[in-house]
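In the block that follows, a single chain appears as C-alpha cells, in the form predicted alone.
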C-alpha cells in the first residue's frame, strides 16, 4: 500500500477550506487556547491561511501551538481549528531549530549510522529491555506491546508493563526502538509526508508479528495506530495500556496506595479520541482519584507538542498544573501517556511532587500478589 504526504495535505486543505468558509469570528477558539500568550486572534490565522503571507506574531504562535484541541472543542461553528493549525505548521516558512534537531534522529530511518550508534547506548540504558530495541527477529504473537521510541523512557513504563504481563502469564512480542517510530510527532508538526512514511514502515513491522491486539502507553502512538487501522482495514485492535490492563485487572491482587492521586488527561486519548474513562477506572484500583478539572476535556495540556519551541511557556503550563494539583488536595499526579509523563517530569521533580506513570503505579499496587 503506497501513501504519500499529499493525501494528508489534501485532507487538511479540505478541512481548512471548510473552516475558512464556516468560521463565524467569535474567537472562542483563541480564548480557549492554553498557549496563546501573544493574544493572536482567529482572523490573523485565517488571513495567513488564505494569503500565505506570514506575520512574525502568527509564525511564533504556530510554532508554540501544542495541538491540544482545546480550540476545536470551544468552536460553536464546528470548525476544526486544531487541523487548521496543523495546516499552518505544514506551511511554516521557517522550521524552528528545536524541531530540526528533533527530526534529525527521532523516527529517521535514513540516519542508519546515527541510529545504530544511539542504539548501542540505548540498549545499555534499557537494561534487560535492550534486547527488544530495533531487533531483527519478530515472532508471530497474538499480543504485541508497541513501545516505539519510548522504550528508552525514564518513566520505566515499558519495564512495568512487561512485568505486569509476566505476572499475568501472558505470551507476547515487543516492538520498540527508533526505527519503529509511529511518525505521529512528525505529523503533529506538519511533516505529513515523512509521518506517513513512518506509518507505512510501522505497518510492515506489525505484519511480521500478525497480532490480534496491539498495546501502547503513548497517546500519540495510539492515535497513529488508530489511523493505521482505519486506513488499512487491519484486523488487529489497538488498546491503550489502561484499556489492556483493565481487561485483566480481576486476575491481579490490588493493594491501594495511601496517597490520593490526581489524574491528568492526555489530549489525544481524552480530547481527540474520547476515552477518558479507562485511566480513571484503573487509577481507582490504585488510589483515591482526585479530579483536577471540571471535566476531562478541560484538563490542561502538558505542552509537549510544540517540541520545546518555548521552554518557558511550557514551564508555565506545568506550574499551573502543579498549583491545581495542590489546590485539589492531591499529593501526586498520574499520567496514562508516557509523553505527558516525560513533559511534566522535571517540573514535578523540582516541586517534589510524585508523578506516576499509570503502568508503574499499577505494577507497584499489585506487587503483593506475586
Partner chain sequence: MMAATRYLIIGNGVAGVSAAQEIHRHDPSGPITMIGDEGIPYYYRASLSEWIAEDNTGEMVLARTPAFYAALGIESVVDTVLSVDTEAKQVILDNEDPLGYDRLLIATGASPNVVPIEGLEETLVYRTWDDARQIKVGIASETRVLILGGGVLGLELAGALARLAMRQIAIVQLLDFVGPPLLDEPAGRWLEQRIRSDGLMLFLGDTVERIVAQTAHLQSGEALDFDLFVQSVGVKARYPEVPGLEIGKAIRIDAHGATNLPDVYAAGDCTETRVRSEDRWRPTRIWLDCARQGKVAGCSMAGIEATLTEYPFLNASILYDVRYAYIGDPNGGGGVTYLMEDDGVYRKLRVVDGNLAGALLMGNRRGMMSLYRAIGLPVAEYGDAVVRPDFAWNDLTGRNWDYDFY
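Numbering follows the first chain given and starts at 1. Bear in mind that the values here come from a model prediction, so they are computed numbers and not experimental data.
Just so you know, the form predicted together with its partner chain exists too; it's not on screen, but the next bit is about it.
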Distance check, residue 264 to its partner chain in the predicted bound form, heavy atom within 4.5 Å: no
Residue 135: touches its partner chain in the predicted bound form, heavy atom cutoff 4.5 angstroms: no
Contact of residue 327 with its partner chain in the predicted bound form (heavy atom, 4.5 Å): no
Touches its partner chain in the predicted bound form: residue 42 (any heavy atom, 4.5 Å): yes
Contact at 150, 318 and 357 by its partner chain in the predicted bound form, all three, heavy atom at most 4.5 Å: no
In the predicted bound form, the one of 127, 169, 93, 78 near its partner chain [non-hydrogen atom within 4.5 angstroms]: 78
Residue (of 285, 227, 123, 179) lying close to its partner chain in the predicted bound form, criterion heavy atoms within 4.5 Å: 227
Its partner chain in the predicted bound form: contacting segment from 236-244, 160-168, 184-192, 249-257, heavy atom within 4.5 Å: 184-192
Contacts with its partner chain in the predicted bound form, stretch 242-273 (heavy atom within 4.5 Å): 268, 272, 273
